[in-house]
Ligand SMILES: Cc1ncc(COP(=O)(O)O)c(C=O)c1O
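First, one chain by itself in structure tokens, the form predicted on its own.
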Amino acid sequence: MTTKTDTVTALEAQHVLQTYKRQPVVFVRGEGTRLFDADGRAYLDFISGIGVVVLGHAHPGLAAVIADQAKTLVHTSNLYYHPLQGQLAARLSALSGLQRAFFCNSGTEAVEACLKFARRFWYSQGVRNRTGYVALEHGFSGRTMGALSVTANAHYRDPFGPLIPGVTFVAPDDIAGLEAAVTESTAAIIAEPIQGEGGVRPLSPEFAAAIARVTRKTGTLLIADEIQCGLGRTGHAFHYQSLGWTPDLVTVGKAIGSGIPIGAALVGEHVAKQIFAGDHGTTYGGNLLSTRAALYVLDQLDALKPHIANMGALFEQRLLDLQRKHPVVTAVRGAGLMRGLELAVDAQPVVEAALKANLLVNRTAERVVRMLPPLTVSAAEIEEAIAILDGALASVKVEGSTVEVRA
């Protein structure tokens, strides 16, 4: 018997470019922290569209705002003014301390913008040799050509070379290497305060301080990549604020629209003064639908701050309980509601066991189970997820360097 899932996957296999290895499930509806598949089966969603759906699925307030804007005005292009870009830029400025925003459609586009703006900053001042970038091993900034050039993983990079020249990668614990890498030809350092795709790896306070010190000493611009860890995910408006950074540029994506595509490059005034009309552009970026959604999301995130702090503390404690119980767990990393379980083995069997038990998590950096639940997640849902993870972890054991999945 052919199921709806079979029909969907067969059609994709014929017509959709096969750039994703999807899990064998078709989702058709969501509500809060739950997703429902084509057969009506409910799943607890602890990946939230890779950290995107921060208000949960089918949030009634966000749905009402989107519907209202859709029947009013969706898009006019950036040839004209509309009332919402300025409002959103002002809100982001108040949260970040950076005075200006360029709106785009995704975090990757925000990275591309910041890389361009960093070069333009020096070019406008007649400094033509500061075109290089320093990025971090385990870092991930996206898959377009510029963002890929500052992404460390050779698996993503090698098929598409040559990429942008002049990028130096430094290990995120190598202070001496960082100091040596930043030269008079370096335009900017780009770094995630918590490396998401790289395995939910927070930068150490010592290395974060070294980045701040080196950028101050050399005048090198600092791009804080907050696409995954920003906008409340870790309990801070932006996680760089907990590191004492004063970045020159900040990339924003994922959470800001809670599912409506929008990104932003936040730009300090000293950098903005060196950027001019025609230096960058976008057709869809900052349209009325996306900015209206983002304004609503920011309103909700303000009210969620105490909840995120409480749920983040509970989540961390319960994950540490799992580590104490299961020797296969070698580390619990992250902050707030951005967490990773590092395993002694490949994480895929645990992810698959969780899926069978109706919990959605994902594998990153091979041995890390990553969790990014909606910021509205409840204590009861955290306990439910922990119970499922407990069973999933119990289904694997270390046999030398291999994984045995118990029946």
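Only a predicted model underlies this, so the values are computations on that prediction, with no experimental measurement involved. We number the residues from 1 along the sequence you see.
Below: the form predicted in complex with the ligand, not depicted.
With a 4.5 Å cutoff on heavy atoms, Val134 does not count as touching the ligand in the model of the complex; it lies far away. Among residues of the shown chain, Val111 is one whose heavy atoms approach the ligand to within 4.5 Å in the model of the complex. Using a 4.5 angstroms threshold between heavy atoms, Ser141 counts as touching the ligand in the model of the complex. Among residues of the shown chain, Gln228 is one whose heavy atoms approach the ligand to within 4.5 Å in the model of the complex.
Shown alone, this chain has one stretch from 157 to 165, 208 to 216, 271 to 279, 99 to 107 that lies within 4.5 Å of the ligand in the model of the complex by heavy atoms: 99 to 107. By the 4.5 Å heavy atom rule, the three marked residues Arg318, Glu381 and Asp390 all fail to count as contacting the ligand in the model of the complex. Interface residue among Arg292, Lys254, Arg233, Arg201 relative to the ligand in the model of the complex, by the heavy atom within 4.5 Å criterion: Lys254. Heavy atoms closer than or equal to 4.5 Å to the ligand in the model of the complex belong, across 188 to 222, to the residues Glu192, Glu197, ordered by sequence position.
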